[in-house]
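Read the single chain below, which is given as structure tokens and is the form predicted on its own.
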């Protein structure tokens, strides 16, 4: 039996995609949530001085999207052919670009940096959200299946559905322009294993 261990802080953040892929697959895993006060002692022993980490029978893999791509391939949610896999990866990379664009807003919103959250929401987050969800909407329309690529769930569906769910909780008005993503989120989160994970995972603010 392969032993999977996901190490991340006690929040959703960049560690959640690995957890959800494993949950989707019905795969038992060790959900190692590292308190922030313990992180400085652990940091020097990690490959890049950051989390999340995936351990597979003791072998360590870093970087959230490398972890997601590995697990998605292991459990068959990386696309049904090489072209679909490339499309999935392109969306994942664009999603990372989106997060980099909105990072200044979220750092202030979550209390990790000082600044005017309202101004950043207006001038940084809202334009980036509309731009990138517009890109993702094109994939959703092209696929025509309710998923972003092909006719089945891939890991980018999990990635974006979680973000949509967070937005529906905190900024529901943003989704009025993209109602298809509310439907997408509901479709993805109706999967029995994902639904169970969402209902039983530790409650965290983000």
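Positions refer to the first chain, counted from 1. Please read these numbers as outputs of a predicted model, since none were measured by experiment.
Below: the form predicted together with a small molecule, not depicted.
- Between the small molecule and the residues 165, 34, 143, 51, the one pair within 4.5 Å by heavy atoms in the model of the complex involves 51.
- In the model of the complex, residue 197 stays away from the small molecule, with no heavy atom inside 4.5 Å.
- Using a 4.5 Å cutoff between non-hydrogen atoms, residue 64 counts as a contact of the small molecule in the model of the complex.
- The small molecule in the model of the complex is not approached by residue 80, whose heavy atoms all lie more than 4.5 angstroms from it.
- Using a 4.5 Å cutoff between non-hydrogen atoms, residue 73 does not count as a contact of the small molecule in the model of the complex.
- Of the stretches 22-30, 35-43, 176-184, 145-153, only 35-43 has residues with a heavy atom within 4.5 Å of the small molecule in the model of the complex.
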